[in-house]
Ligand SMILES: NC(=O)c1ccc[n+]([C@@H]2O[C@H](COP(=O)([O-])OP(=O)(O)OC[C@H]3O[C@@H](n4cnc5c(N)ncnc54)[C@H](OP(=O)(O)O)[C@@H]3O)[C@@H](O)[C@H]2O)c1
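Next up is one chain by itself, shown in structure tokens, the form predicted on its own.
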């Protein structure tokens, strides 16, 4: 098994941590000897053992063969956090060769892990499937390189290009566009992001829960951008479980949410992303409404977009946003079409849902 093949296995293992490791990165590790896989592991949850630790635990307490190679998708850590440095463990267990997918952008690591291993006499090979490893941990990497969460936009549109049929609402509730099978996929998307953001008008009109219900997974932090204080206190997003962060301009009483005040002259998008970054929220799924999505697109504050086109026809209504680039991939989900957009180059095996 060559380095590239072993790294591909690391990436697949690392994906098992999707939705459960934030604010940490997803990481996989494989210990190989020639064509044999001796052990493997992945980071399962924030605060738990890192991938290298899981891999060596799976291998057992015996001596690591001199010709065994530890392959890991992200540079081993060299600092004390909630767990000890992985570099120290690799040195102590007598690992002779380490293959690394990409460097850790955290300033506490940032090449120092590789330097520590090499200083101990360990051969280190780097840059194996680097683009794929960076894509795997794009949320974590964006946080350190751009000082903001990774932003994913999502909306559903009618086949004739509208988000809703304006003026036809009777009471609060969403207007159905996507199929039940696509709804399951959307809830999986929610489970993989750290936060979910909507504007005030979406809360007023649709009264969404913004939780994960159709799949097993962790609920994201719910974030409501409501500078004017128009969202009803009885809305589902203020039911207290999971927690909600309200971004507003004036403190509100009787709201079951933590409140972050935005100064009148401060840009609300910048303020929201800044506060989420301060909280180590690595990613946010922006689900609407149309005005909020337009603001993110106009500012260029997005990294991915996922657009669902259903089979319904509205004839008139709120126009769906448009993006200044072509989709990088499209696929069918039942009767719906899903177009995926990214502002950076993505590997062929990009989305593994």
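In this text, all values refer to a predicted model and were calculated from it rather than measured experimentally. Positions refer to the first chain, counted from 1.
One more form of this protein exists, namely the form predicted in complex with the named molecule; it is left out here, but the text below deals with it.
This chain lacks the partner; the member of 218, 214, 227, 96 within 4.5 angstroms of the named molecule in the model of the complex by a non-hydrogen atom is 227.
Think of it this way: in the model of the complex, the named molecule has a heavy atom of just one of 292, 64, 305, 301 within 4.5 Å, and the residue is 292. Although the partner is absent from this view, residue 309 stays clear of the named molecule in the model of the complex, with no non-hydrogen atom inside 4.5 angstroms.
Residue 41 falls outside the set of residues with a heavy atom inside 4.5 Å of the named molecule in the model of the complex.
Although the partner is absent from this view, residue 155 contacts the named molecule in the model of the complex, with a non-hydrogen atom inside 4.5 angstroms. Contact between residue 202 and the named molecule in the model of the complex is found at the 4.5 Å heavy atom cutoff. Contact annotation for the candidate site: 19, 49 and 186 all lie away from the named molecule in the model of the complex (no heavy atom within 4.5 Å). Heavy atoms within 4.5 Å of the named molecule in the model of the complex are found in one stretch of 67-75, 156-164, 275-283, 134-142, which is 156-164. Contacts with the named molecule in the model of the complex, taken as any heavy atom within 4.5 Å, map within 304-320 to 318 alone.
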